[in-house]
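The chain below stands alone, shown as C-alpha coordinates; this is the form predicted alone.
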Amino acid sequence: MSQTPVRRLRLGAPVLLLAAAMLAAGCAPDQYPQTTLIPRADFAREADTLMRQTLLWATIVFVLVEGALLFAIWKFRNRPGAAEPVQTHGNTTLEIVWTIIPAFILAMIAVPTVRTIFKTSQRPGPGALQVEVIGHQWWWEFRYPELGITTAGELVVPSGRTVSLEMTTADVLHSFWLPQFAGKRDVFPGRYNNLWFKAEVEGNFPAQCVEFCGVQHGRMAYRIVSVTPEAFDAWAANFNAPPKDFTADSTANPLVREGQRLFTAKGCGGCHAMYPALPLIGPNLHHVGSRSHIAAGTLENTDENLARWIKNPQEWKTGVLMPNLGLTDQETAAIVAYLRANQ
(Lines give C-alpha, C1' and ligand atoms only; values in the text may rest on other atoms or scores of the structure.)
Protein backbone atom coordinates (compact mmCIF):
# COMPACT_ATOMS: atom_id res chain seq x y z
CA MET A 1 0.00 0.00 0.00
CA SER A 2 2.88 2.38 0.72
CA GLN A 3 4.16 2.01 -2.83
CA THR A 4 0.87 3.13 -4.42
CA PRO A 5 1.65 6.90 -4.48
CA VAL A 6 5.09 6.17 -5.99
CA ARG A 7 3.55 3.96 -8.64
CA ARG A 8 0.97 6.62 -9.47
CA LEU A 9 3.71 9.24 -9.75
CA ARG A 10 5.64 7.04 -12.17
CA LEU A 11 2.55 6.50 -14.29
CA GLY A 12 1.59 10.16 -14.24
CA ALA A 13 5.02 11.55 -15.17
CA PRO A 14 4.88 10.49 -18.85
CA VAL A 15 1.38 11.94 -19.14
CA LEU A 16 2.55 15.26 -17.69
CA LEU A 17 5.55 15.31 -20.04
CA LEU A 18 3.31 14.63 -23.03
CA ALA A 19 0.92 17.40 -21.99
CA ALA A 20 3.84 19.81 -21.56
CA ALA A 21 5.18 18.92 -25.02
CA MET A 22 1.77 19.50 -26.60
CA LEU A 23 1.46 22.84 -24.79
CA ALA A 24 4.93 23.87 -25.98
CA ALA A 25 4.01 22.92 -29.55
CA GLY A 26 0.93 25.10 -29.36
CA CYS A 27 3.04 28.03 -28.14
CA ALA A 28 5.40 27.82 -31.14
CA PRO A 29 3.04 28.09 -34.15
CA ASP A 30 5.77 29.31 -36.53
CA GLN A 31 7.30 25.83 -36.33
CA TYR A 32 3.97 24.32 -37.34
CA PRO A 33 2.83 26.58 -40.18
CA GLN A 34 -0.40 24.73 -40.98
CA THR A 35 -2.21 26.69 -38.30
CA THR A 36 -5.22 28.98 -38.43
CA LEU A 37 -4.01 30.93 -35.40
CA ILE A 38 -1.69 33.18 -37.43
CA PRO A 39 -3.91 34.91 -40.02
CA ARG A 40 -1.95 36.32 -42.96
CA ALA A 41 -4.85 37.45 -45.16
CA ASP A 42 -8.08 39.42 -44.77
CA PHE A 43 -10.31 36.35 -45.10
CA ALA A 44 -8.37 34.50 -42.41
CA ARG A 45 -8.44 37.58 -40.19
CA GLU A 46 -12.24 37.71 -40.39
CA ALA A 47 -12.47 34.08 -39.29
CA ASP A 48 -9.86 34.60 -36.57
CA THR A 49 -11.72 37.63 -35.17
CA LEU A 50 -14.96 35.66 -35.04
CA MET A 51 -13.24 32.75 -33.33
CA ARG A 52 -11.71 35.01 -30.69
CA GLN A 53 -15.04 36.75 -30.02
CA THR A 54 -16.77 33.41 -29.59
CA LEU A 55 -13.96 32.17 -27.35
CA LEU A 56 -14.29 35.31 -25.22
CA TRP A 57 -18.01 34.77 -24.63
CA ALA A 58 -17.43 31.06 -24.00
CA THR A 59 -14.78 31.95 -21.41
CA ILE A 60 -17.14 34.39 -19.67
CA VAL A 61 -19.88 31.75 -19.55
CA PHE A 62 -17.44 29.13 -18.26
CA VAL A 63 -16.12 31.39 -15.48
CA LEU A 64 -19.60 32.46 -14.36
CA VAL A 65 -21.10 28.95 -14.43
CA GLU A 66 -18.13 27.26 -12.79
CA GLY A 67 -17.88 30.09 -10.25
CA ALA A 68 -21.56 29.70 -9.32
CA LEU A 69 -21.11 25.92 -9.12
CA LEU A 70 -18.08 26.16 -6.82
CA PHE A 71 -19.84 28.75 -4.66
CA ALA A 72 -22.89 26.49 -4.30
CA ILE A 73 -20.71 23.51 -3.45
CA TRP A 74 -18.89 25.50 -0.79
CA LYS A 75 -21.91 27.28 0.70
CA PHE A 76 -24.18 24.27 0.89
CA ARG A 77 -21.55 21.68 1.78
CA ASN A 78 -22.41 19.21 4.48
CA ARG A 79 -21.48 20.35 8.01
CA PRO A 80 -21.84 18.31 11.18
CA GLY A 81 -24.91 19.43 13.05
CA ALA A 82 -26.03 21.87 10.34
CA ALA A 83 -29.73 22.14 9.60
CA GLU A 84 -31.07 21.11 6.20
CA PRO A 85 -31.02 24.08 3.77
CA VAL A 86 -34.31 25.68 2.81
CA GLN A 87 -35.72 23.99 -0.30
CA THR A 88 -36.69 26.37 -3.10
CA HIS A 89 -39.18 25.27 -5.75
CA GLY A 90 -39.34 27.77 -8.58
CA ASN A 91 -38.23 31.39 -8.75
CA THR A 92 -39.80 33.46 -11.50
CA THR A 93 -37.23 36.26 -11.35
CA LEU A 94 -34.31 33.85 -11.46
CA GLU A 95 -35.79 31.92 -14.38
CA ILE A 96 -36.31 35.14 -16.36
CA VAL A 97 -32.73 36.20 -15.69
CA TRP A 98 -31.17 32.92 -16.77
CA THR A 99 -33.28 32.98 -19.91
CA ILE A 100 -32.37 36.55 -20.88
CA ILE A 101 -28.63 36.16 -20.26
CA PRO A 102 -28.13 33.14 -22.59
CA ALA A 103 -30.30 34.82 -25.24
CA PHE A 104 -28.12 37.92 -25.03
CA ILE A 105 -24.93 35.86 -25.29
CA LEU A 106 -26.27 33.92 -28.29
CA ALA A 107 -27.17 37.21 -29.99
CA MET A 108 -23.66 38.55 -29.38
CA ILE A 109 -22.29 35.42 -31.06
CA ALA A 110 -24.90 35.13 -33.83
CA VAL A 111 -24.64 38.70 -35.12
CA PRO A 112 -20.88 38.65 -35.95
CA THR A 113 -21.19 35.05 -37.17
CA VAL A 114 -23.87 35.91 -39.72
CA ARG A 115 -21.97 39.04 -40.74
CA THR A 116 -18.78 37.02 -41.29
CA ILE A 117 -20.64 34.34 -43.26
CA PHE A 118 -22.13 36.90 -45.63
CA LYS A 119 -18.88 38.80 -46.01
CA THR A 120 -16.77 35.74 -46.78
CA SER A 121 -19.41 34.40 -49.18
CA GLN A 122 -19.33 37.49 -51.38
CA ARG A 123 -17.50 37.36 -54.68
CA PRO A 124 -14.68 39.88 -55.09
CA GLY A 125 -14.84 42.74 -57.56
CA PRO A 126 -13.48 42.84 -61.12
CA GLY A 127 -9.99 43.91 -60.00
CA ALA A 128 -9.27 40.55 -58.34
CA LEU A 129 -6.74 38.14 -59.79
CA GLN A 130 -8.66 35.21 -61.28
CA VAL A 131 -7.27 31.73 -60.65
CA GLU A 132 -8.87 28.42 -61.59
CA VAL A 133 -8.08 25.58 -59.20
CA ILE A 134 -8.46 21.95 -60.28
CA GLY A 135 -7.94 19.05 -57.90
CA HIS A 136 -6.43 15.80 -59.15
CA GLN A 137 -5.41 12.57 -57.49
CA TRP A 138 -3.10 13.68 -55.95
CA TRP A 139 -2.01 17.19 -56.91
CA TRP A 140 -3.40 20.68 -57.47
CA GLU A 141 -3.46 22.51 -60.79
CA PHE A 142 -3.60 26.31 -61.01
CA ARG A 143 -4.65 28.23 -64.12
CA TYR A 144 -4.44 31.98 -64.54
CA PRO A 145 -6.80 32.63 -67.50
CA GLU A 146 -6.00 36.35 -67.70
CA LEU A 147 -2.27 35.61 -67.92
CA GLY A 148 -2.35 32.43 -70.00
CA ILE A 149 -0.49 30.51 -67.27
CA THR A 150 -1.05 26.93 -66.15
CA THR A 151 1.07 25.64 -63.30
CA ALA A 152 0.91 23.09 -60.51
CA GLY A 153 1.94 22.61 -56.92
CA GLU A 154 2.49 26.30 -56.18
CA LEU A 155 -0.15 29.01 -56.03
CA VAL A 156 1.80 32.20 -56.72
CA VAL A 157 -0.07 35.37 -55.72
CA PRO A 158 0.76 39.07 -55.33
CA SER A 159 0.46 40.44 -51.83
CA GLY A 160 -2.00 43.27 -51.35
CA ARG A 161 -4.27 42.14 -54.20
CA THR A 162 -7.42 40.08 -53.82
CA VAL A 163 -7.25 36.64 -55.41
CA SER A 164 -10.47 34.99 -56.57
CA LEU A 165 -10.37 31.20 -56.77
CA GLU A 166 -12.83 29.19 -58.89
CA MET A 167 -12.41 25.60 -57.78
CA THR A 168 -13.43 22.22 -59.10
CA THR A 169 -12.01 18.70 -59.41
CA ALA A 170 -11.13 16.44 -62.31
CA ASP A 171 -11.90 13.20 -60.48
CA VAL A 172 -13.08 12.66 -56.89
CA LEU A 173 -14.08 14.94 -54.04
CA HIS A 174 -11.23 17.04 -52.63
CA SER A 175 -11.12 19.94 -50.18
CA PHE A 176 -8.97 23.02 -50.73
CA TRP A 177 -7.57 24.50 -47.53
CA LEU A 178 -5.39 27.59 -47.04
CA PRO A 179 -4.69 27.51 -43.29
CA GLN A 180 -3.27 31.00 -42.81
CA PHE A 181 -5.02 32.74 -45.70
CA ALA A 182 -8.64 31.57 -45.91
CA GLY A 183 -11.02 28.81 -44.94
CA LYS A 184 -11.56 25.62 -46.85
CA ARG A 185 -13.87 24.69 -49.68
CA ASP A 186 -14.91 21.24 -50.85
CA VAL A 187 -14.55 20.79 -54.60
CA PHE A 188 -16.84 18.52 -56.61
CA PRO A 189 -16.75 17.15 -60.17
CA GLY A 190 -18.76 19.30 -62.56
CA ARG A 191 -19.31 22.07 -60.01
CA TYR A 192 -17.43 25.25 -59.07
CA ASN A 193 -16.94 26.73 -55.62
CA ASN A 194 -15.51 30.16 -54.93
CA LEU A 195 -12.99 31.33 -52.38
CA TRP A 196 -11.03 34.57 -52.09
CA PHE A 197 -8.31 36.16 -49.99
CA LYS A 198 -5.80 39.00 -50.04
CA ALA A 199 -2.34 38.10 -48.76
CA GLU A 200 -0.92 40.59 -46.26
CA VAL A 201 2.64 39.24 -46.15
CA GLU A 202 5.20 37.69 -48.50
CA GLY A 203 6.53 34.19 -48.04
CA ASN A 204 6.19 30.52 -48.90
CA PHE A 205 3.50 28.70 -46.92
CA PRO A 206 2.21 25.10 -46.96
CA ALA A 207 -1.40 24.11 -47.59
CA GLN A 208 -3.22 20.83 -47.90
CA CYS A 209 -6.12 18.80 -49.21
CA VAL A 210 -8.33 18.06 -46.19
CA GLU A 211 -10.87 15.62 -47.64
CA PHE A 212 -9.87 11.96 -47.84
CA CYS A 213 -9.49 11.29 -51.56
CA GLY A 214 -7.48 8.10 -51.85
CA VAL A 215 -4.35 6.34 -50.70
CA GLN A 216 -2.11 9.41 -51.13
CA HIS A 217 -4.47 11.99 -49.66
CA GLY A 218 -1.86 12.82 -47.02
CA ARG A 219 0.62 13.78 -49.76
CA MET A 220 -1.74 16.03 -51.71
CA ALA A 221 -0.22 19.28 -50.54
CA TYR A 222 0.77 22.51 -52.27
CA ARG A 223 2.48 25.80 -51.51
CA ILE A 224 1.14 29.36 -51.39
CA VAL A 225 3.89 31.65 -52.63
CA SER A 226 3.07 35.27 -51.82
CA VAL A 227 5.35 37.83 -53.47
CA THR A 228 5.35 41.58 -54.05
CA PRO A 229 3.29 42.86 -57.01
CA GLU A 230 6.51 43.67 -58.88
CA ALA A 231 7.90 40.19 -58.28
CA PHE A 232 4.60 38.66 -59.38
CA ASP A 233 4.61 40.60 -62.66
CA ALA A 234 8.20 39.49 -63.26
CA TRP A 235 7.25 35.87 -62.50
CA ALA A 236 4.34 35.99 -64.94
CA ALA A 237 6.44 37.55 -67.70
CA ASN A 238 9.22 35.02 -67.16
CA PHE A 239 6.74 32.14 -67.05
CA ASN A 240 5.31 33.05 -70.44
CA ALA A 241 8.75 33.11 -72.06
CA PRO A 242 9.30 29.92 -74.11
CA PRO A 243 12.00 27.54 -72.87
CA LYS A 244 15.29 27.26 -74.68
CA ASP A 245 15.82 24.57 -77.31
CA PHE A 246 19.05 23.13 -75.99
CA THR A 247 19.32 20.55 -78.77
CA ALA A 248 19.89 23.37 -81.26
CA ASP A 249 22.45 25.13 -79.04
CA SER A 250 25.92 23.70 -79.55
CA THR A 251 27.21 25.67 -76.57
CA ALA A 252 24.70 24.18 -74.15
CA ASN A 253 25.67 21.71 -71.47
CA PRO A 254 25.76 18.25 -73.13
CA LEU A 255 23.95 16.77 -70.12
CA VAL A 256 21.12 19.27 -70.57
CA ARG A 257 20.88 18.53 -74.30
CA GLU A 258 20.73 14.81 -73.55
CA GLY A 259 18.04 15.46 -70.95
CA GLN A 260 15.87 17.28 -73.48
CA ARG A 261 16.30 14.40 -75.96
CA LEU A 262 15.35 11.86 -73.29
CA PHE A 263 12.34 13.92 -72.21
CA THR A 264 10.92 13.42 -75.70
CA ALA A 265 12.22 9.92 -76.32
CA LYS A 266 10.88 8.49 -73.07
CA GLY A 267 7.41 9.92 -73.69
CA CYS A 268 7.41 12.44 -70.82
CA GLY A 269 5.71 14.96 -73.10
CA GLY A 270 2.71 12.66 -73.40
CA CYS A 271 1.62 13.60 -69.88
CA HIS A 272 3.59 16.74 -69.04
CA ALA A 273 3.57 19.96 -71.04
CA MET A 274 6.59 22.25 -71.13
CA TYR A 275 5.51 25.15 -73.35
CA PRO A 276 2.93 26.33 -73.84
CA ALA A 277 1.93 25.15 -70.40
CA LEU A 278 -1.21 23.32 -71.47
CA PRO A 279 -3.29 21.19 -69.08
CA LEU A 280 -2.49 17.53 -69.77
CA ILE A 281 -2.68 14.32 -67.74
CA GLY A 282 0.03 15.29 -65.27
CA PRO A 283 1.32 18.59 -63.87
CA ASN A 284 2.95 20.90 -66.38
CA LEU A 285 6.70 21.18 -65.94
CA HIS A 286 7.31 24.62 -67.39
CA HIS A 287 9.72 26.33 -64.98
CA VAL A 288 9.56 23.35 -62.62
CA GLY A 289 13.19 24.00 -61.78
CA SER A 290 12.27 27.23 -60.01
CA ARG A 291 9.59 25.72 -57.77
CA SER A 292 10.43 25.30 -54.11
CA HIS A 293 8.77 21.88 -53.83
CA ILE A 294 7.86 18.94 -56.07
CA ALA A 295 5.63 15.86 -55.71
CA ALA A 296 2.58 17.97 -54.79
CA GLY A 297 4.38 20.09 -52.24
CA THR A 298 5.79 17.17 -50.25
CA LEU A 299 9.46 17.11 -51.33
CA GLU A 300 11.90 20.01 -51.42
CA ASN A 301 13.00 20.73 -54.98
CA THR A 302 16.57 19.52 -54.76
CA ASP A 303 18.48 17.62 -57.44
CA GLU A 304 18.47 14.54 -55.20
CA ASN A 305 14.71 14.61 -54.62
CA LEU A 306 13.96 15.41 -58.26
CA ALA A 307 16.05 12.43 -59.36
CA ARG A 308 14.40 10.22 -56.77
CA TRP A 309 10.96 11.24 -58.00
CA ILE A 310 11.74 10.83 -61.70
CA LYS A 311 13.43 7.45 -61.34
CA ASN A 312 10.87 5.77 -59.09
CA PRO A 313 7.80 7.88 -58.22
CA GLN A 314 6.01 4.85 -56.76
CA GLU A 315 8.63 4.73 -54.01
CA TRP A 316 7.38 8.03 -52.60
CA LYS A 317 3.75 7.97 -53.73
CA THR A 318 2.26 4.51 -54.11
CA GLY A 319 -0.62 4.57 -56.59
CA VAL A 320 0.47 7.70 -58.44
CA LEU A 321 -0.22 7.62 -62.20
CA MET A 322 3.38 8.41 -63.15
CA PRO A 323 5.05 5.13 -64.15
CA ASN A 324 8.54 3.88 -63.49
CA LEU A 325 10.28 4.32 -66.87
CA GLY A 326 13.28 2.18 -65.98
CA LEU A 327 15.72 5.06 -66.28
CA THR A 328 19.38 4.61 -65.47
CA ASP A 329 21.10 6.91 -63.02
CA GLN A 330 22.82 8.71 -65.92
CA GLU A 331 19.53 9.19 -67.79
CA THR A 332 17.86 10.44 -64.64
CA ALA A 333 20.66 12.95 -64.03
CA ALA A 334 20.31 14.22 -67.61
CA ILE A 335 16.55 14.81 -67.27
CA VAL A 336 17.09 16.53 -63.92
CA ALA A 337 19.66 18.84 -65.54
CA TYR A 338 17.20 19.65 -68.34
CA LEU A 339 14.33 20.41 -65.98
CA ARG A 340 16.61 22.46 -63.73
CA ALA A 341 17.74 24.52 -66.75
CA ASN A 342 14.13 25.59 -67.41
CA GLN A 343 13.53 28.10 -64.67
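The numbering used is simple: start at 1 and walk along the sequence shown. Quick caveat: nothing in here was measured; it's all calculated off a predicted structure.
What comes next is about the form predicted in complex with a small molecule, which does not appear here.
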Listed residue that, although the small molecule is not shown, lies within 4.5 Å of it in the predicted bound form (heavy atoms), from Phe232, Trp177, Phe142, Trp138: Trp138
Residues in which of 224-232, 159-167, 264-272, 193-201 have heavy atoms within 4.5 Å of the small molecule in the predicted bound form? 264-272
Although the partner isn't part of this model, could you tell me whether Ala295 comes within 4.5 Å of the small molecule in the predicted bound form, counting any heavy atom of the residue? yes
Does the small molecule come within 4.5 Å of any heavy atom of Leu55 in the predicted bound form? no
Quick one: does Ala333 come within 4.5 Å of the small molecule in the predicted bound form, counting heavy atoms only? no
Answer for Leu339 alone: is it within 4.5 Å of the small molecule in the predicted bound form, judged on heavy atom distances? yes
Three residues, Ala41, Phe43 and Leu50; all within 4.5 Å of the small molecule in the predicted bound form via heavy atoms? no
